[in-house]
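Next up: just one chain, as structure tokens, the form predicted alone.
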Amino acid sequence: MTAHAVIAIVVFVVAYILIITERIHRTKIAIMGGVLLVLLRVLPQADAFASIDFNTIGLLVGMMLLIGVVKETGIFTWVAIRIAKKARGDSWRILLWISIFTALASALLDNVTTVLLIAPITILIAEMLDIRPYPFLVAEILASNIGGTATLIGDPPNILIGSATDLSFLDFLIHLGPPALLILGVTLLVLRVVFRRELSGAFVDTERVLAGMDETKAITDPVLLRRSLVVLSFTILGFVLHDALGLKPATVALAGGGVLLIWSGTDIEKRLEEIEWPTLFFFMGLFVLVGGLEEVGVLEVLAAGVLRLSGDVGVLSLCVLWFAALASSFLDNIPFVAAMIPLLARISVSLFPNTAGLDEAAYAVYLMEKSMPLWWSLALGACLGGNGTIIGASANVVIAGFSGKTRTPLTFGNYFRYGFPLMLLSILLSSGYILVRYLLFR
């Protein structure tokens, strides 16, 4: 092993440990780790910049600009109040419809933004109806991560995987939508049984409380809402068609964000201030850290080691699924997936070499078709694994923070009791899906 390889491994491992222990902000660690690789001449500066995936960065920036305007309209508050009224104060119906809305919004926007906007409203409605918010918040965590699993833009791990593999928005929806829908349905049924006592109470003055909720006051700017919905609809259509149009998802997201910035007349300074710059720089530093491992050949050695365990794509897919799920329950799934992507790419090439002498484009199509079980296993494991613990995903941490102001705050222990078994159930269902759809009838 060369000195550069040792340095790259040490820098990556130390950075990873510091990131997951959260002793220092993860963005600071990612930036400094990437800079160290350049300073220690493991990675030339030009190669370090080239290792940054600007398709991922552009997609995130575009969606942040778009969501920054949409959230100003009050649409999320309007939806929450409408759900409470349609459910006529019935606890189970409120939980059911808020969970479905959370899952849908998480699939089409992103799960962190969704829970940031929907969780405070849920708590408010629950307290006004004298219902404990605890079951609703647990359901929102689970629904946000399950919904985010279904699309390319729903969860950061999927954005990373989509950008690295050129899998389209439609690919994600077709391949991950069905298991996400199944898992959401099963999860809601289990929650109804588990929380039957909490959801069975009769509440006094429900009609009066509901009558006091005025959803018309929730919409702060009807003109902005109409324009936002038009642009959001065309952006989602763009995601669906981006592969046929020959456009990258980042182009679609930036186009949607740019058009809405101009059409809405919003304050550009305010919108740019709201962009999550620490997240963007965290991704950039992370790409450089992984690029360092790739440059010195560490990933090739790891891929060879994995293939010595098994050369069967079915066994490897299930191993990836369960390992990703368990790791993502306790660790940050973003650096985990960033490290796994180049490793899976090398494993795929080793499993399916170009023995037929195909040209580069034809071989890329052949390779992706053959290695799909590996990529979908990684996406399912990393996204659904986040449901295992209260620290498993950013959306979980956000909701836990809001719950701290309620009568029954979410803690690691009381969430683990429900979240971890349901996460295991979702991975069991995912295993069956991977086996039946990709392996048994190949």
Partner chain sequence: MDIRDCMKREFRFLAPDASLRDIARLFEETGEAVLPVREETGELAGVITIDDFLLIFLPAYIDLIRNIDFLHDFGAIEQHSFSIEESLFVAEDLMREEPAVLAENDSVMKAAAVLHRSGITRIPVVRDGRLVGMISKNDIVRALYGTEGQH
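Residue numbers count along the first chain shown, from 1. All values derive from a computational prediction rather than experimental measurement.
What comes next is about the form predicted together with its partner chain, which does not appear here.
Undergrad: Is it true that L129, M213 and A218 each have at least one non-hydrogen atom within 4.5 Å of its partner chain in the predicted complex?
TA: Verified in the predicted complex; spot residues all in contact, yes.
Undergrad: Any idea which of 365-373, 77-85, 258-266, 344-352 reaches within 4.5 Å of its partner chain in the predicted complex, heavy atoms considered?
TA: That would be 77-85.
Undergrad: Any chance F402 has a heavy atom within 4.5 Å of its partner chain in the predicted complex?
TA: Because a heavy atom of F402 falls inside 4.5 Å of its partner chain in the predicted complex, the answer is yes.
Undergrad: G314: heavy atom within 4.5 Å of its partner chain in the predicted complex?
TA: Contact with its partner chain, no.
Undergrad: Is there a non-hydrogen atom of P120 within 4.5 angstroms of a non-hydrogen atom of its partner chain in the predicted complex?
TA: Result yes; P120 sits at the interface with its partner chain in the predicted complex.
Undergrad: Residue-level contact is defined here as any heavy atom of the residue lying within 4.5 Å of its partner chain in the predicted complex; does C319 satisfy this criterion?
TA: C319: no, not in contact with its partner chain in the predicted complex.
Undergrad: L182, L124, V306, I236: which sits within 4.5 Å of its partner chain in the predicted complex by any heavy atom?
TA: By the 4.5 Å criterion, the partner-contacting residue is L124.
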